[in-house]
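Have a look below at one chain only, the form predicted alone, in structure tokens format.
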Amino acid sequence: MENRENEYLVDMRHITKVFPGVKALDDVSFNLKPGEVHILMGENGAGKSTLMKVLAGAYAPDGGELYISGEKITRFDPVFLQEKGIGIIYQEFNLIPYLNVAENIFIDHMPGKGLLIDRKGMHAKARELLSDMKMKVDTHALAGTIPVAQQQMVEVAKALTHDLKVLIMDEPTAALSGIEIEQLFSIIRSLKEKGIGIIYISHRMQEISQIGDRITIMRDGQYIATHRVEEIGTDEIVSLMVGRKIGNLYQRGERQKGDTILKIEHLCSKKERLQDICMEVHRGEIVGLSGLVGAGRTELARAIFHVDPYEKGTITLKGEEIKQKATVREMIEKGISLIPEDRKRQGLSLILSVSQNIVMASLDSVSSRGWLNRHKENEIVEQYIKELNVSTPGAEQKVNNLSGGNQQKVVLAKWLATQAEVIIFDEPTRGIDVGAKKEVYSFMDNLAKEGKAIIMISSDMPEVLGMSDRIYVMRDRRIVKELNASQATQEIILSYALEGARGEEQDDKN
């Protein structure tokens, strides 16, 4: 008979979890061995995060059993499970933005005696921990002011301050690119060597073979299959996830490149946040912005949309030079929109309905003299729910109750309702499943075919290569190279993102 108690760090047997009207987990079994990375995959809404919240003590199961290192667990609360060696890094960060980095890392066990906190020692320990992770982060900086990629690493550091047996990572690379991902993988490998088990939730197919040992697939709250990573291919994984064959993921139809609709010349901002940016975008094309986290891609998007000021340079839209002091409202009226990287904090009002979110940026078109035209609002909302295939019980459903992929579609609908002609997508598929990704890609392709101009910022290299007509590579807050899709490869983009001018010199020599 199999000695499960000795073999597994975690053994979840026939777990069931029911929310009002929804069976989120239906007889799900899952286990984790010491020193392995067990990938957990499934579409948004498949039950992955719910299962992990049961393991971390955030939810108590309605049925089934949980064993940790052979001990049956009957008490479900986060502090108790943390004491049992379970650490979790949620997809939505749990950092307190108005506390500094060191305070966040040691938030639940600050060093010191009694009420006195050893702040000097705390910062020293935080710096040491981050240095071991090969991360340079100012431990005195407020957590809300540092880049998203650094926030992710602070979450990892926070988890590592505890005596871990198991570390759950929910979409840990969603905000990372290139070097940052490899740094994270290096940390994971070192944890494996110490016998710590990693449960790794991801939608990025290319990461499976790089870091995983086994993979478990869930669908519609149910367990589907478990395989050794080397025994299963991408197509089979996708088919098991979605219950159907997905076909070609990236959509690249016949796009007709039109005239220049957006031109940026010598754009600079204070403190060198942007340096001498020159680029142009044509109707009917998707232009990719690639580079490492911190290269200045989001800063450029925010400057174009006039969220943040710029010091000098010109932005010309449809032949008209935009005033430097133009407002976001004016940019929307001129036909430009920005779908932000952080959909929950910057793109949606989570307490409002799907309907209210969709018309939020285009209220003038559905109102007259301050009165909302409900009939017109309903027409627009239903149109985009249907066109974007938003999975929702109804237009009045709160956005907070939707999956990540459907939340992203609502953000997209909000900006499409403004009749935008230039659409900036900042990490358009971050944290959404492969089925939802294909739908977003298809819609982006259709927008380009209709003559819309799209700027796509992405840390997902296959996404950049698969969707872009042209690619601008950024490094150190400047554009270092423009590439046509036909000449771009992952290696070439990465060489410019890392090397900048040296890559340019080498290219000239060749």
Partner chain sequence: MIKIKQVLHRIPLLIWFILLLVIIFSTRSSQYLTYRNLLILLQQGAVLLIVASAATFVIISGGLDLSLGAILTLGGIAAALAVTAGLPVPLVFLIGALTGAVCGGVNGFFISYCNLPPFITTLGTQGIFYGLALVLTNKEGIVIYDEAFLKIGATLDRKIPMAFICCLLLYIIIIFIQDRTRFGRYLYAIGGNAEGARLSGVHTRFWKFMIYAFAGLITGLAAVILTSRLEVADPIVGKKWEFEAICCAILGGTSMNIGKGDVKGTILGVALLTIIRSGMNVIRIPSIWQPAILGTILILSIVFEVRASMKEEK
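If you're wondering where the values come from, they're calculated on a predicted model, not measured in any experiment. Positions refer to the first chain, counted from 1. Whichever C-alpha set is largest while still superposing within 1.5 Å between the two forms counts as the rigid core.
In what follows, reference is made to the form predicted in complex with its partner chain, a form of this protein that is not presented.
| field | Partner-proximal stretch of 217 to 225, 97 to 105, 182 to 190, 301 to 309 relative to its partner chain in the predicted bound form, 4.5 angstroms, heavy atom | value | Correct option: 301 to 309.
| task | Answer with one of His162, His266, Arg252, Arg374: the residue that has a non-hydrogen atom within 4.5 Å of its partner chain in the predicted bound form. | result | After the contact test, the surviving option is Arg374.
| Out of Thr327, Ser131, Thr260, Gln206, which one falls within 4.5 Å of its partner chain in the predicted bound form, going by heavy atoms? | It is Thr327.
| query | Looking at the partner-bound form in the predicted bound form, is Arg345 within 4.5 Å of its partner chain by any heavy atom? | reply | Answer yes; at least one heavy atom of Arg345 falls within 4.5 Å of its partner chain in the predicted bound form.
| message | With a cut-off of 4.5 Å between heavy atoms, is Leu363 one of the residues that contacts its partner chain in the predicted bound form? | response | Looking in the predicted bound form, residue contacts with its partner chain include Leu363, since a heavy atom lies within 4.5 Å.
| Would His282 count as touching its partner chain in the predicted bound form under a 4.5 Å heavy atom rule? | Outside the cut-off, so no.
| Does the 4.5 Å heavy atom contact test between Leu352 and its partner chain in the predicted bound form come out positive? | Close contact exists here: in the predicted bound form, Leu352 approaches its partner chain to within 4.5 Å, heavy atoms only.
| query | Any CA movement of 2 Å or more for Tyr59 between the shown form and the other one, core superposed? | reply | The answer is yes, as the C-alpha of Tyr59 shifts between the shown form and the other one by 2 Å or more after core alignment.
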